[in-house]
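Single chain ahead, by itself, as structure tokens, in the form predicted alone.
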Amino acid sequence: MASYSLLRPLLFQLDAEKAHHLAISALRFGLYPWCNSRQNFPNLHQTIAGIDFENPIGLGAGFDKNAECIPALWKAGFGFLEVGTVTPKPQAGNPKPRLFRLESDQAIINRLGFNNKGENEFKRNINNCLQASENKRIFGINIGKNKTTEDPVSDYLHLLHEVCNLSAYITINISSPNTPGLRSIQSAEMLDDFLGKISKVSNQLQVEHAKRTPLFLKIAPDVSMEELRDICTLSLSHGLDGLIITNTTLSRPANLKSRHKYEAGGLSGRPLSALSTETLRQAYRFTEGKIPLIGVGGVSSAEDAWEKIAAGASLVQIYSALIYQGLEMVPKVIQALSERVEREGFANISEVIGKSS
């Protein structure tokens, strides 16, 4: 069986977005050979926000936007998946080209703009997956607004009603840099009003369905410390179940080498690692560990995952590194993380959370 490292040069001859669509098709039709790697390491088991996770390594949102590949991706060994971002109406996203590999930096820049097939197609895919499922698959749904929606909260409230019973958790994405005006919701005054409305509907749905679906908020790495403190305070006061830290960054480190480094959009991958980890560390301090944090940004190894967890993350997500290493990296990271927990003398990965904060 050929490894991803042998196929990567061929895939990298393609436009980045075309290569992504090819990968999605391969996963949908069972043509991706590295998706049969589920392993069980008891020292990585945790219960977070009422959800039982076999391991803390998850797939970040944006890879499987339309929830087409959940069965195949689950076989790769992830402890959880996050699908979306889904918006109420289908939308094409921003003009192409809009996805760029920064190979020498092990990074990605995207300005996709929540391109997806909309909630109806998304829900059909989810329901097909749930009906066909033979195993317990833990996944969350990342929701966002349509570009042309004038009242952003209306899209989020609508989607909460539509998908509240379809997943283990729901992520409120207000931090993509590629939808005009979206990040302004993170300002204290707007966020207070926004989360108040979100929490009210969430509580109503809990009563209606006799079940609570945890709500996570995904935030940007480009906020000031004062803004981050406000986000953390408001998230606690409105009863959110966790924060995902962080989305892509608009900043550009001075040491980027790739010719694509000046492309507009959000930067992810290895150059985001330090910024996202520091934001995570500060959020852990501001929240005093009272709600779970999910660390994402620049995770490409077990060492990176450990650093995020020690900074305060209960769970960690991977995305950009998969483009360079393939799904083969997932079981390797999980096994190495388990081995380090044992080597460091901990009984469970949960004991590592916040150790360096």
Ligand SMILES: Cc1cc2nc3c(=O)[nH]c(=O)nc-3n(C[C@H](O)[C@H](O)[C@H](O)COP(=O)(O)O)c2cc1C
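In this text the structure is predicted, and so the values were computed from the model without any measurement. Position 1 is the first residue in the sequence shown; the rest follow in order.
Note that the form predicted in complex with the ligand isn't included here; everything after this is about it.
- For the three marked residues, I108, N173 and G298, a heavy atom of each sits within 4.5 Å of the ligand in the predicted complex.
- Distance criterion of 4.5 Å from any heavy atom to the ligand in the predicted complex singles out S268 from the list T87, S167, T279, S268.
- Note on contacts: among G60, G326, P331, P292, the single residue with a heavy atom within 4.5 Å of the ligand in the predicted complex is G60.
- Interface membership of F114, defined by any non-hydrogen atom within 4.5 Å of the ligand in the predicted complex, is confirmed.
- In the predicted complex, at least one heavy atom of L272 sits within 4.5 Å of a heavy atom of the ligand.
- Not displayed here, the ligand is kept clear of N55 by more than 4.5 Å at the level of heavy atoms in the predicted complex.
- Using a 4.5 angstroms threshold between heavy atoms, L99 counts as touching the ligand in the predicted complex.
- Judged by heavy atoms within 4.5 Å of the ligand in the predicted complex, the contact stretch among the candidates 66-74, 317-325, 38-46, 22-30 is 317-325.
- Shown without its partner, the chain has K218 as the single residue in segment 207-231 with a non-hydrogen atom within 4.5 angstroms of the ligand in the predicted complex.
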